[in-house]
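Coming up is one lone chain in structure tokens, specifically the form predicted on its own.
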Amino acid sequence: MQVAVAREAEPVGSIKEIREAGLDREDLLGIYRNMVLTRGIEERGHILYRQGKIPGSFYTGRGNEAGAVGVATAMGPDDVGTPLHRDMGVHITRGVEPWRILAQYMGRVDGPSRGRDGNVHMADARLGLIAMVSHLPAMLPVAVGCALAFRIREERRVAVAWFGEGASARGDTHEGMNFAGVRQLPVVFVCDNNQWAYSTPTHLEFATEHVADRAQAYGFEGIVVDGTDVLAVYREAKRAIEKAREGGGPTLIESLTLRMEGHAVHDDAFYVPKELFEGWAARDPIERFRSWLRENAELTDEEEDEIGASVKKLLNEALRRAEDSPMPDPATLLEGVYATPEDLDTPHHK
């Protein structure tokens, strides 16, 4: 049996601890709202898919709202990230407008990719986000490249790279972490360990107890955190990001949760034991945080109702606006796909 070497993070105990981490009550309510909004967007995505309005398949991050929102809340305004298809909360927290996400789902011209890429292959570069590609760990070297650029330019910025535990089996993951460790770059690696790489369980994916155990071999710290505890995720991400910003090098954070739906809408996840689903459903990240707010931050019925109503209103308006967005003109197919020398600040051939 392999012995764990990564540090296992403790849960957040009190409002005092979270204040020391830089969050006030208004921040806490904002985090809760972002989690509710994240789930609401993906639930409406399911409806659009069943209505035949979303081309291709459809992927969600149900159960990962705490991991995505927690990390994104810890990022600085000038930091960059490469969120994946389970990380919708990153887009919401960084400020992507819900109607543009719904437009993206439907392939409309007002989506972040302007109808030119898959329905979850999106990001707004103006908000420090870099769009994913299907071969998911391929984004790790991209984030590491950003971190190297920050180092060369002497900028106090950090790159955050997301990947799943299944993607950790690919060479891109090793190459990105090895280079980052050697150069001690300002990058934080976040593994969304949702326990199933499609239908493959973790014990058939890697031989260590935790993905984060690998960090020691690359020369930096590994941390395992409960991915359903948004405040614990935030605390550990904040520490890692600020450590990187101050020249302390990379960190690998393994956010442990369960993928509460199939790999995509075509997958009913029959291979996941029913009792496993039931156990993790009892730890639903939104319900867990709502209870914490009730006990520690005096969340009232009125505040909860107001948040729920405002999110519902926002999503209804977002859906109407997204459906009014036109389909892209086929004549513009190649616009914005290939860069020209004039588009580049420092053309590579000069």
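The first residue of the sequence shown is number 1, and the count goes up from there. None of the values given here were measured: they were computed from a predicted structure.
Quick note: we don't show the form predicted in complex with a small molecule, though the next part is all about it.
Proximity of His85 to the small molecule in the predicted bound form falls within the 4.5 Å heavy atom cutoff. The closest non-hydrogen atom of Glu261 lies beyond 4.5 Å of the small molecule in the predicted bound form. Within this chain, Arg170 lines the site of the small molecule in the predicted bound form, having a heavy atom no more than 4.5 Å away. Of the heavy atoms in Asn194, some are within 4.5 Å of the small molecule in the predicted bound form. Contact with the small molecule in the predicted bound form, judged as any non-hydrogen atom within 4.5 angstroms, is confined among 178-186, 226-234, 101-109, 129-137 to 129-137.
Only one of the listed residues (Pro141, Gly115, Gly164, Gly249) places a non-hydrogen atom within 4.5 angstroms of the small molecule in the predicted bound form, and that residue is Gly164.
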